[in-house]
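This text opens with one protein chain seen in two forms, each one given by itself as structure tokens under the names structure 1 and structure 2.
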Structure 1
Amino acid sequence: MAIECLVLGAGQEVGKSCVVVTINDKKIMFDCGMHMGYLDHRRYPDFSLISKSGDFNNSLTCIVVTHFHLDHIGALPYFTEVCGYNGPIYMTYPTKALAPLMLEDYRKVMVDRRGEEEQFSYEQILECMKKVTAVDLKQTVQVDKDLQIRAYYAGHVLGAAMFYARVGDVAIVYTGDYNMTPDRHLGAAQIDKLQLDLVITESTYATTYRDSKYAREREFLKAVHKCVAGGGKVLIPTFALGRAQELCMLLDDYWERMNLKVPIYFSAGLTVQANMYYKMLINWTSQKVKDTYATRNAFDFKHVCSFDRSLINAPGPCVLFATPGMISGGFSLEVFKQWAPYEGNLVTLPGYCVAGTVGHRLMSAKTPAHINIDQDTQIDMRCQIHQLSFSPHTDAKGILDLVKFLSPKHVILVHGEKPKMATLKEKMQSEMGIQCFDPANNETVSIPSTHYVKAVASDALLQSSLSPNLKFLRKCSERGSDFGGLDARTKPRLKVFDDRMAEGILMVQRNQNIEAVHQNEVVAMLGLESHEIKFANCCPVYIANSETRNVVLSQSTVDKSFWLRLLFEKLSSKFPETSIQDCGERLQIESFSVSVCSKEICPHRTTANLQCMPETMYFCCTWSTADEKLAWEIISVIKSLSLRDK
């Protein structure tokens, strides 16, 4: 069974996330976003690649949306109400609550203020959300009899989730956007250790390794304070949900500590509603925010108030949070046009800006500069630009840590820039040995999946695995020399191991269940005789000194165990981790058996061994094919025995 992944968006770019995964005829669309940098056909994913006829209800099993950002949900009303998809849609409770606010705010900006052609109406947004089923974290949802999904906490923004999907034995995780480190208002991503064929992960910051969060906060506060202390205005373009709350908490606390009186404004409307939802959905925030909720709601900002448009050109310093975050239009663009020409003002970009937006142009601009707003508008920019990553996306270390923890068989990178994705891909393959892909938009990647077979175990196999499999490891309590220090009365300490192992054969018969049976059963089933190949060698040990020889021969004639104790000590020293069983007249190591040979003529002696002197003693050894390497190592030890006085 193969996993087919059609990347309709966020392939080697950041924007319009949309991946259609096919697992055994089940088609799941993960995210349905729009590209914030385009206004033409590139704005939405190419849905015709799912179904040429437009029959999306029969082409898709379900849609899963990870969070409310427009590059993950912006095309959903268009797909459901214009393209006609009426199948199941799943997202978390906060995402379902906040998505209509984001979608309607975008519609107002694009249609009412910029005069763009309407893609979907407010009524269509409401109809779209009626089709959504909200899910809780770690709630397993049975979409149909074969497909199940489960959401895991992703950090990033309120309600963001990674999604696990399973069809039969095939399992994948689609991460959406996530953050592996906690911040002031959200916790770090959390997910179970899962057995996965594939992880599809974002790679926005594929090559970025961030420094201390506190160092970045200090740098941000220093830049803002310096600007307002000099009488300037600070524009912080940010999305109304997520970084806005994070930075408001940071500034509110700093203003309190520094006793600053400069006003901090939030652009009215969406942000006010967003803060209301943050207060309602406090259980989805960080543990610190939840712990202090009983005494103080972290989203009741003491120094932050709503902004009135008449204050845009009001004299005096201020700090303003305005949407959207990438200055792609709306109020943040309107304010930027007014404040950009003045040197004392500051625009600080706290997050990632997609190519094609004004924010992205500012990231590489040097003041002073001429910034093209659109084909007809150019701004003379003299204000300061400050870029600092307060992004809710994880960095390269976080991506690698997550992949290492989940240890999937394959990885697909999406939601990132092509050169950076290529670097991360090479790192994963070379350091982790995990096959990794970075497809472009409209490309399909085929991933082989693991096929598990359910087998019935026979009674004989189960009985053999339940029976004790005792192994004995003896170690002498005293260590003497090779010969003279060994006391025949010394009793070695005994360690007993019970390593049980079921050894069987998988039988596959036509039109019958697969069965694991004991090897003896197979012989009987096939009507064959059991055969086993054994090897043997009668190994000589020469006694070098006449005085030593007389002592040894006199003792060994009476007690052969003397020789075995001597050999036991040598083998215990050579193979300290190997179980050596003392079975009385022989030693047993796996299938290797060795005993003292008292035969004058032994069939297992080689021609060379038959010519040995009478002062030679013999150890008779037998073993099976499986232990041939071990056997020759033991025989080498036997041959190296030195029986002489020191």
Structure 2
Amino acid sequence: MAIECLVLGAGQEVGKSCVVVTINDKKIMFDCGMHMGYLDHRRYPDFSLISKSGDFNNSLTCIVVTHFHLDHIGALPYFTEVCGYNGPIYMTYPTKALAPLMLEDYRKVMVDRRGEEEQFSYEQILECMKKVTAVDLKQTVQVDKDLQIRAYYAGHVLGAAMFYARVGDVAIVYTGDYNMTPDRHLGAAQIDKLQLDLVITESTYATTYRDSKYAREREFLKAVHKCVAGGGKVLIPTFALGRAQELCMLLDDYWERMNLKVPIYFSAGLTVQANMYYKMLINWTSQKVKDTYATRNAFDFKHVCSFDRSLINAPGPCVLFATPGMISGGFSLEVFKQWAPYEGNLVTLPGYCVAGTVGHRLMSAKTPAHINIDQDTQIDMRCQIHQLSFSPHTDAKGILDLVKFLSPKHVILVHGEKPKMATLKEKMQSEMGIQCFDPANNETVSIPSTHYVKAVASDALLQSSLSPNLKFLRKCSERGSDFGGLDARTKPRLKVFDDRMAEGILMVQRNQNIEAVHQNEVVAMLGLESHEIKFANCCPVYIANSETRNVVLSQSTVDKSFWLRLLFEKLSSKFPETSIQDCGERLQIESFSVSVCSKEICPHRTTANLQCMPETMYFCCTWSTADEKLAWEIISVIKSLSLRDK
């Protein structure tokens, strides 16, 4: 059995996230994103690789969308309304609530402002969203008889989730985008310890290690404050949702503390409306924000008001939030064109801009510069640029921490930059010994999956396995002589393990359940009688020492226990970890029993002469097959007894 992962998007790049995972005939599409950097067919994943005939309903079991960013959901209306997928779609409640806003905002930018041909209509967005089943965190959803999915908190944006999917014994996690440290409005990603065959993780910051976020937040606030104090205008291009709310909370709080009166605007009604959603979905924010909802909902911003187009060129300082985030068009581009030529103004850039956007060009630009907006327009940019260095993505440490915590058998990296991913992949393989892949788009990775043999266990077996069955294993001398000395110091000489299953028997019969039973049950089940194989050896010990011999000869009825005690001491020092029972007449070690034999003729004596020799003591030993090895070791100790007496 194997897990097949077809990477349709975000393979060795960022954009149009889409991975189709096949586990035992179940095909799950994780994310259905769009690439913001392309305007041709490359903007969508190549869905034809799922089904040549385009019969997606029969080839896909379900679609799971991790969060509302367009590079994770942008192609969904196209896939359902244009390509005709009708099957189940799952996303969290906030994602279902907020995704239509994102999609409609994007559609408007494309159609109304850029005059592009419409990919999907507003009605189609709504139709698409009707097919979505919303899920809560940790809610275990039974998609069908065999497939189970579950969402875990991912931080990143409101409602972002990692998804766990299980088919039979095979389980995987697809992380989507996540953040391992809490920020102003969202908590850190949280997931259970799971038994996983595969983790598919984002790797946006595969090689970046970040320090505390608070210092970077201060930098941002200082830059904004400096600009408005000097009478400048601040343009903050953001997506309508997520970053906008986070920065807004940051500024609202700062304005309150610093008693600033400069207006903060939200462009259009869009983001103000978005705050309404945030208020209802406050349980998806960080603990700190949640705790205050009863007294004042943190998304009731005090200093924020709506923006009117006429205010673009109004005198005086202001702060404006405008969409879209990467200045790829729309209102943020319109305002940018107006404000960029003035030195006193400030434009902030999000931490990540997709290649091909104006935002991306600004990232590498040094002011003053000439910026090409499109083929016909060039702008003489003189304003300040502040790049936001706090990001809702985890850094490399976060990725490694998550993978270490989940310790899956395999990892696939997506949603990152090729060279950085290669570095992280190396690190994961060498440091954690986890096999790691970083496939490019349209490549398939095949991974072996665990499977379990289903057996029926009897009560007697499970009962017996409740009590520990400790075994001790000496790991000394015999081990490779070259490293013998080294081993002795680094490895423990004695290993203890708990072999509770040692009495378990697996019975495999054709056309019947595989049964796991206790060995005592087998006899009755098979209708056979048990037969015991035992060993015996009456072991002679030659008493060489004359003094001892004299003792023996003078007192023929010498206390047998003297010899047993002698043996007891010897054995105790030889086998310090084994329990030796002194039963008076005999010593018992596991099934091995030894006593002093005073019989004239013993049937277990196999020495040339069965007769008792005057200078010889006899130790009569019996044992069963289980302790064969131990028995011969003990016998060699017994034989060496006489040597010490010399």
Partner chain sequence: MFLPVPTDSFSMCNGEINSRSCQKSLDLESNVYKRRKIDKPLDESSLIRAEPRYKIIKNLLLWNVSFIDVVLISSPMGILGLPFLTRSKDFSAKVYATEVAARIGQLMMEDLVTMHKEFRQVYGPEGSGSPQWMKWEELELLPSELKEIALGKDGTDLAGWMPLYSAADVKDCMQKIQTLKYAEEAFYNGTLIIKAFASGLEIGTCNWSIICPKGSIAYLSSSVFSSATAMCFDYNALQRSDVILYTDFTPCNASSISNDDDNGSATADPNQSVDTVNWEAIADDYQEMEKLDFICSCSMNSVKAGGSVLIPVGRVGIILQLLERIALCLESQNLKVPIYIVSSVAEELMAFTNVIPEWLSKQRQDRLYSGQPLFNHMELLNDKRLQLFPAIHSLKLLTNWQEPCIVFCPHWSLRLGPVVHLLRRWCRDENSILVMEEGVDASLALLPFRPMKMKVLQCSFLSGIQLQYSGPLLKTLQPRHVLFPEKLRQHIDPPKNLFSSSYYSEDETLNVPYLKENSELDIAGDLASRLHYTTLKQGNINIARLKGELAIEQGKYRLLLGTEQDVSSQIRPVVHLGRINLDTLLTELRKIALNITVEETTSADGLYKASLVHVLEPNKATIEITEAQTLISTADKNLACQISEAISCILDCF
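None of these values were measured; they are calculated from a predicted model. Residue 1 is the first residue of structure 1, and the numbers go on in sequence order from there. We call the rigid core whatever largest set of C-alpha positions still superposes within 1.5 Å between the two forms.
Peer 1: Only one of these is the form predicted in complex with the partner chain, so let me know which.
Peer 2: Pick structure 2 here.
Peer 1: Once the core is aligned, please say if the CA of E81 is shifted by at least 2 angstroms between structures 1 and 2.
Peer 2: Moves: no, less than 2 Å.
Peer 1: Core superposed first: is there a CA shift of 2 Å or greater at E569 between structures 1 and 2?
Peer 2: Comparing forms between structures 1 and 2, the E569 CA shifts at least 2 Å.
Peer 1: Can we say the CA of L587 moves by at least 2 Å between structures 1 and 2 when the core is superposed?
Peer 2: It does, since the L587 C-alpha is displaced 2 Å or more between structures 1 and 2 after the core fit.
Peer 1: Once the two forms are fitted on their rigid core, how many angstrom does the CA of V517 move between structures 1 and 2?
Peer 2: Spelling it out: core superposed, C-alpha of V517 shifted, distance 6.4 Å.
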